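Single chain ahead, written as structure tokens, the form predicted alone.
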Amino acid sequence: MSTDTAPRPTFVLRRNRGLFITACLAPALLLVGVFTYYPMIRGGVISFQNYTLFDLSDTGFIGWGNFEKVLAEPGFWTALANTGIWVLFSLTGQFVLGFGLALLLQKAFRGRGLYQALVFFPWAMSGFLIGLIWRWMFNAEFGVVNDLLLRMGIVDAPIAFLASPEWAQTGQIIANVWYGVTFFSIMILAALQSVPQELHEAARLDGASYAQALWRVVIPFIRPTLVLVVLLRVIWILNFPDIIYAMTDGGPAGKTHIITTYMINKIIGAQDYGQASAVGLIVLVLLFAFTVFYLAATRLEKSRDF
């Protein structure tokens, strides 16, 4: 009788294996839940509350009030437009220069290892530090950029790049391009090195020039990588306030804010966590839209055979 009621060995083995896997995953799941999902959910709740540090006596729910206030501010739309410019020009510059550097680094030459280390070094630096360096370089009084322009006779007087509404965002984009070129170089170089040598040889036998082989053979082969890298970088640039905050803090007069620095300014400047959370939720929706596009493109590329 005792033999019939005892759990079968297979069931016990599966249960113990399940408990073991659960125990292994529990710390990671706990950390992700506490440090990622809980703040996200809490921020979503706060976005519907009147949550400002200037008056914590009334933090009740106000519905869509925070969203209505944010969307009614001209500064929000300026930041949103700046975000589009910031992403478009930063991405284009980083991709073009990164692709070119990857092509150069693919070829063997003396000192290539040292050159690769110099190219990849900026990626190991803090974005905020990069912003401080470029802030010094664009300084109107003792910056390197103005000094070079004056010596070459391009300008007659120093330009206050970061104090000018016309030039400030251009300076930020230049700094971001310089910082992000490394990412594209690393990823595209890895993709280029994965192209089989047989494809290059077949292109040469067919009489294809270097440009034709690149356009008709290499780029189609690494196209899935390019699609993924570009979409990932779009998300990162959209959510990358470090350089802007270090260089101009959104100035002059808030003209260079992107949506993420605008959100940070709501916290540090206005102390309004409710409106900041509302902006954060809007950013989340924008990033989700990019993610959907990213996943759709990934499936599209997987369905293709080279």
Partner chain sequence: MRAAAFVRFAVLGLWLVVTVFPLYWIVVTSLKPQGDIFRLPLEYLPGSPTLANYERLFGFASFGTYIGNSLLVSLAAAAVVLLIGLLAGYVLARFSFRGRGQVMLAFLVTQMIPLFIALGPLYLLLNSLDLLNRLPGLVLVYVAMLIPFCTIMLRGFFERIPVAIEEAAMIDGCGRLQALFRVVVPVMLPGIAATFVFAFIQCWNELFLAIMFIDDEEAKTIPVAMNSFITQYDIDWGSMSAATVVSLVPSMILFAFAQRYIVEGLSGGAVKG
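As the structure is a prediction and not an experimental result, all values here were calculated from the model. Positions refer to the first chain, counted from 1.
Although it is not shown, the form predicted together with the partner chain is what the next lines describe.
Mapping the unseen interface onto this chain, Glu73 falls outside it, with no heavy atom inside 4.5 Å of the partner chain in the predicted bound form.
Using a 4.5 angstroms limit between non-hydrogen atoms, Asn139 touches the partner chain in the predicted bound form.
The partner chain in the predicted bound form is not approached by Val218, whose heavy atoms all lie more than 4.5 angstroms from it. Taking non-hydrogen atoms only, Val87 never approaches the partner chain to within 4.5 angstroms in the predicted bound form. Annotated contacts: Cys24, Leu53 and Pro122 all touch the partner chain in the predicted bound form [non-hydrogen atom within 4.5 angstroms].
Of the candidates Leu91, Ile186, Ala168, Ala79, Ile186 is the one whose heavy atoms come within 4.5 Å of the partner chain in the predicted bound form; the others do not. The single residue of 65 to 100 lying near the partner chain in the predicted bound form is Leu97, the criterion being any heavy atom within 4.5 Å.
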